[in-house]
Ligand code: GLA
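Heads up, the chain below is alone and in the form predicted on its own; it's given as structure tokens.
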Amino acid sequence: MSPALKHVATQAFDAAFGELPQCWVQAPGRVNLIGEHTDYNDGFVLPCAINFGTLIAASARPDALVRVVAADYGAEQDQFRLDEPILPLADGAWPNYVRGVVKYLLEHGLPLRGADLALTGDVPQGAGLSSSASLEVAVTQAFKTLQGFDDLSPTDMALISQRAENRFVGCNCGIMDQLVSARGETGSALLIDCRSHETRAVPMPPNVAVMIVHSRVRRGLVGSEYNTRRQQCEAAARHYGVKALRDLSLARLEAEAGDLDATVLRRARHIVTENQRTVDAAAALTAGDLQRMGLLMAASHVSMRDDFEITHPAVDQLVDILQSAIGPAGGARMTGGGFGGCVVALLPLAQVAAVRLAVASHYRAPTGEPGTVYVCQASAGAGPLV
């Protein structure tokens, strides 16, 4: 995360509240290497936290008032009280992410006091890199650090943040985004079992670059077809009589489809096959087998395009450009909820310059914008800054 963010947050805090903050905390965004839409189906995902995230300058207050300033939104401010009902503002308003987290921290039983918070960040918003989860987990970390809630585990932080996004913001996301933001490990991806919330660090080979390319196709989750896909997956699980599609084999999926709607069947096939690809990808990455990883990433993208239908023609083109430039030494796929956003690629460090050039030379968004390339590091999860 850029050191300049701390300066931005500190300046915004001083301008809004007339003093310097007591502490600074951060929570990273994430990129999902493979395992898309499997999280809310109790399946497996393989993300890594990245060195882009949310940074909060914070001070405790002696009363029940929470004051918040957003440096990245023209220093807009919000305030609310802990001893009054915490209600959402208009749909999509940034204060809802803060208000929701605080509401569910209170419902968790924590004896919160008021706080002054200044927010900033460098996660590209609407790109599928989980700027919302980064913000939610950072707010949770701010109250944890200010009030010394040492027994609030990273998993608890993730669950509270997810609850805020599901119930307060209105997006039925799974646990992956918040959990990797809270529990990420430097130099490793994280294989997450979204049913048990168990995680296993999967070391990234030292000679591998994680490249993220923003397609410049804007996307949204709340109000998009994300919730529709979740409903279709739940309908498929009911058809097969399983708790979640994680419990369904490919053989049974095909043998017992019966009169299941053809579209719902395709959605289920993506989830069942993606779960297996994710487990296989963790093994490939552990073995340093980028060629195998590339094949799995390519198959994942085809499944998202054809069975889950969440890609976009420009994103499909961008994946083709990246894969052609990387060749058999790695892979590329869309990442995130879908309908635009980012593509992730794994490739040898030695190929980064050539792949950047290929993107610059051959890709333009429908608006004519070039793609934006980020070369990331697998980073640690949320915590205080010194």
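On a predicted model such as this, the values are computed, not experimentally measured, just so you know. Residue numbers run from 1 along the displayed sequence.
There is also a form predicted in complex with this ligand; it is not shown, and the following applies to it.
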item	value
Heavy atom within 4.5 Å of this ligand in the predicted bound form - residue from G35, G341, G331, G53	G35
Listed residue that, although this ligand is not shown, lies within 4.5 Å of it in the predicted bound form (heavy atoms), from V217, V210, A115, I175	I175
Non-hydrogen atom contact D39 with this ligand in the predicted bound form at 4.5 angstroms	yes
4.5 Å heavy atom contact, Y226 to this ligand in the predicted bound form	yes
Among 101 to 109, 235 to 243, 82 to 90, 167 to 175, the region lying within 4.5 Å of this ligand in the predicted bound form by heavy atom distance	167 to 175
Residues within stretch 322 to 360 having a non-hydrogen atom within 4.5 Å of this ligand in the predicted bound form	G336, G337
